[in-house]
Ligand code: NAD
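Given as structure tokens, the chain that follows is alone and in the form predicted on its own.
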């Protein structure tokens, strides 16, 4: 396993920077390894290397090379899947099964976009006799990718893969909480002999200065960021100074709407997983249960039983059903929110910490105040509210009552209702009688303050491509 995470710039590993910093396991506080912090100077150097590779190299004009490199990366990621998943468990605290699922999703994503790399096409339009317009789809330039800690494999690859497929060169900033995971992925990338020098560069974080330098850099054309809405707004503000394109997948507050005719056994099974996956630290997690008043008590009783049965423990323990939070600071933050839920609503199942580690058992609470920050803000943990509704119109109104619109789910046996409600909910993804289904082929993204742009799918290329109009007058046959 990687013990020290270094930078990777212009095809070379770098260990210059500040004093080594520890990466710790949130489940027990042990030191997993160390990483070399980054700096503004290193971020600028990486941006210059990516710029040079884009401006003077043939990467953007070589779709077959791009596909070859990406298939090679995918093969190397798959070969290293056990090491990568083990590092995800150690640094992130999630379950081994979740870590392996995330790793293999990254492999799938890389292969999906490797296939698309050879399918980027433009169009032609005849304007008039002897005149035509050619519309080329060209790489946007240098892409800056800022990766969060909650899914450090998938959320890197789902930006990196379309950027590479489009012909962009890249500068990556991994999360400070998961540098060793990222370094192992970068090793897979660096080992690809056909990858031109400077196409992929990576600089570790040091506070926020590396990310800020990337956003400010005049050498970077696109920023792809996954994280909180608050940080996304700061990135937009910073990027405005150079008029960068920004792709943002931000916070969520996913409602799960349960109608009276829903299969409650199915709903409980789906929503236990959908709300507690990654300990609820995922932007599309089910965060609000909106339940028809006629089945609210029955549903609540079933969810309490399901939550109580969840075994919380270390991700490496096969018996664990939910892992740890990312750190004890977030554990303390969430404990404060649980107390607030008791003041503003009614707690029906109160979670709490384990004897050691950054663990927190699930909490379920009732609330009827739509203006409460517990309803309006992303809590990012295993804390879920229960709200009731009387009819379809009220269900939709409550589902749309926050500033977020990333994901939602609808549980009903009525197909027509499922379609009506899914169309009426303002969210980028709506699952019917399921929750938390994500695929490389299916676009995801947000409405409202959940972001802009799309990741996954063919549309995931759009953030990394420009359209160029070339006008030509070949004349007519005389």
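These numbers come from a predicted model, not from an experiment. Numbering follows the first chain given and starts at 1.
The form predicted in complex with this ligand is left out here; the points below concern that form.
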May I ask whether 174, 212 and 283 each come within 4.5 Å of this ligand in the model of the complex, counting any non-hydrogen atom? yes
Would you point out which of 351 to 359, 228 to 236, 185 to 193, 95 to 103 contains residues with a non-hydrogen atom within 4.5 Å of this ligand in the model of the complex? 228 to 236
Considering non-hydrogen atoms and a 4.5 Å limit, which listed residue (274, 148, 314, 198) is close to this ligand in the model of the complex? 148
Listed residue (205, 270, 221, 387) with a non-hydrogen atom within 4.5 angstroms of this ligand in the model of the complex: 205
So in the model of the complex, is this ligand close enough to residue 141 to count as touching (4.5 Å, heavy atoms)? no
Quick one: does residue 380 come within 4.5 Å of this ligand in the model of the complex, counting heavy atoms only? yes
In the model of the complex, does residue 249 come within 4.5 Å of this ligand, counting heavy atoms only? yes
Contact between residue 290 and this ligand in the model of the complex at 4.5 Å, heavy atoms? no
